[in-house]
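Given as structure tokens, the chain that follows is alone and in the form predicted alone.
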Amino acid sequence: MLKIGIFDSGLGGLTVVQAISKVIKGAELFYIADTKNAPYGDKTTKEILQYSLDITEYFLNNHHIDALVIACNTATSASISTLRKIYPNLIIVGTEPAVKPAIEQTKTEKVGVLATPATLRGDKYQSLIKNLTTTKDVELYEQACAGLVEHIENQTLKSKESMELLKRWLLPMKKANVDTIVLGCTHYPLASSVIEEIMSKDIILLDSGRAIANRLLALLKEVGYKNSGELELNLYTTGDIDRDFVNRLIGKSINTIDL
């Protein structure tokens, strides 16, 4: 059976797992929530690279994976180039903010980007923006959302503190007539309903889950993969995790193993 390793700093990457499970069949998924080192967004590039190297080595040594999905914008920016150099024969799919489709879809030509500080300052994101903004005259409203991942992981999005943070970030976008917002962290789709509530208008929210799943399938088909059969999911965590929340997110009871 095809084996795919997926990792993120916490539960956010499960939004990518959801997207993959709708596209990929006949595979065994191994997901690591690196909650011990979460959030990645406030770590140094060197630290994030080491986490990514350690997790990839674990996947290869213990589960002999055929493909790796870095279900984290921050970790992708910090590690994907190095991982591809070290493991040239491993299929590796990273995550990047869905800025391109946002630029294509916006009607007001004003696009919001919510991301971690590390993602926004990363070379990968800066290169992406430089290339895309030359194709269409669009105004970007970038917002580093320090602390949002923690609110999502702790399920405190409806708290006064969380709502004040989100309003501080989003209301200027609303006033500026932003009509499309890029969810530049795999955790952020879990905050979609709150974001929509604050924007209180028809807002387009774009994340990377579907694009990742489609890219993974395309690469697998290039090496002869037949997309059929049952899908199995194995969850691992390096620290504390809310198992009830995981089960609700996945839609069924999943056994989570501590590493």
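One rule holds for the numbers: they count along the sequence shown, beginning at 1. These figures come from a predicted structure and were not determined experimentally.
Separately, the form predicted in complex with ligand DGL exists; it is not shown, and the next lines address it.
Between the options L170, V93, I181, V149, the residue in contact with ligand DGL in the model of the complex by a heavy atom within 4.5 angstroms is V149.
The chain is drawn here without ligand DGL; in the model of the complex, the stretch among 172-180, 115-123, 85-93, 156-164 whose residues come within 4.5 Å of it by any heavy atom is 115-123. Within 4.5 Å of any heavy atom of ligand DGL in the model of the complex lies no heavy atom of G209. Taking ligand DGL as it sits in the model of the complex, the stretch 35-53 comes within 4.5 angstroms of it through a non-hydrogen atom at P39, Y40, G41.
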